[in-house]
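Next up: just one chain, as structure tokens, the form predicted on its own.
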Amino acid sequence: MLTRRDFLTRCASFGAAALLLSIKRGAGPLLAQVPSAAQGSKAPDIVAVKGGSQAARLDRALRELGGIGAFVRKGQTVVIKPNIGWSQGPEVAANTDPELVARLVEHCLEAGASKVWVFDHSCDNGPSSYRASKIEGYAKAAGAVVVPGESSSYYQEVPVPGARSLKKTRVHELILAADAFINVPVLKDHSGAGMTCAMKNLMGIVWDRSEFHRLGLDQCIADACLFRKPTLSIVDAGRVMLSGGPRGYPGSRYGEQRMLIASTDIVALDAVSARTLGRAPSDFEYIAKAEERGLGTSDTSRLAISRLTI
């Protein structure tokens, strides 16, 4: 995995050092540039693809949204944030499927990305989780640079404008440095929040997850989206853990959904994913709190949803 010295050296060539300096001097956070795939077309707000392989589902979803070029432009740097929280193999479905991560890396590089980084702040031991999930191996083979997330030295304190509870937090340098930010959670049950999906996956970009629990989990999950909204979020709903989450155990129940759901609206994405999990969006307080902050809508009747089977 990339050392911190290597990371900072490489970032310097993309102007990341200047960005980090501006953050430290009190400048506002980098706002995600979210290109609209629908400009000049009628791309859907949400795409849900069922059937086929992880790679085939991603290929079809991106095509429906206007192609990866709608989100990643030539020469840009990209950070992909999967769920690599647990030292578990892919069959447990506690982490994002490595095949999905690898295919996304390939898409970004084919679009002309100058660098694609992959990282997560794991709940279990970081290096073990990277290996056991197989995400490290798959992502490297696809051409990504896999970056550690388990050292506090990788995180910079930043303000969270508009937050109600999480007024400031320490965010991984990659989130500050990259031009495009693609969020790739796995959908599953969670013993604390009720569900892991797009919004909750952003807990893995901060250093101190305990502050979320200390300050109020639901509000902090919503607040975290205010700092940098992902350019695109892609939900792995292939094998869905219906109980025993987030880590999984031998008695966990599963649903073989074989789905992928993608959108730039992180609130709508969680609302649709909640129904895929067999729950209602109203079951999750953080969805309503994020909607109140203008981060998206849970009223999916207002959105164009493309449902495809391959």
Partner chain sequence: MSRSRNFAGPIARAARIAAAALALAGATLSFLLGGELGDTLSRAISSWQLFPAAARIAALALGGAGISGLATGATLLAASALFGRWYCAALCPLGSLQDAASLLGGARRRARGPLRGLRAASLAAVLGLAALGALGLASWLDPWSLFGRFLAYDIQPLLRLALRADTPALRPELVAAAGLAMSLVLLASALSGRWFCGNLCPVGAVLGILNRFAPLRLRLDEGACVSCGRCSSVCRATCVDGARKRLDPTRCVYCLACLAACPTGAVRYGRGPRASGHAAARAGPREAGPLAAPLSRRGFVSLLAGGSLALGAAALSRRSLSLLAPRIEGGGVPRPVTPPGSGSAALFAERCTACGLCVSRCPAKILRPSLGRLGLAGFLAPRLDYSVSYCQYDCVACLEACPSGALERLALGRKRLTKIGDATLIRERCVVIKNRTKCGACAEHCPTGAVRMIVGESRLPEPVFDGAICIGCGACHHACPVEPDKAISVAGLAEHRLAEKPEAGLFDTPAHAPPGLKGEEPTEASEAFPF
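Keep in mind that this is a model prediction, so the values were computed, not measured. Numbering follows the first chain given and starts at 1.
Keep in mind that the form predicted together with its partner chain is not shown, yet the notes after this line are about it.
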{"property": "Answer range among 146-154, 174-182, 112-120, 76-84 for contact with its partner chain, defined in the predicted complex as heavy atoms within 4.5 Å", "result": "146-154"}
{"property": "Proximity to its partner chain in the predicted complex, single hit among 225, 160, 193, 92 (heavy atom within 4.5 Å)", "result": "193"}
{"property": "Residue (of 277, 61, 267, 68) lying close to its partner chain in the predicted complex, criterion heavy atoms within 4.5 Å", "result": "277"}
{"property": "Heavy atom of residue 207 within 4.5 Å of its partner chain in the predicted complex", "result": "yes"}
{"property": "Contact of residue 55 with its partner chain in the predicted complex (heavy atom, 4.5 Å)", "result": "no"}
{"property": "4.5 angstroms heavy atom contact with its partner chain in the predicted complex for residue 44", "result": "no"}
{"property": "Touches its partner chain in the predicted complex: residue 168 (any heavy atom, 4.5 Å)", "result": "no"}
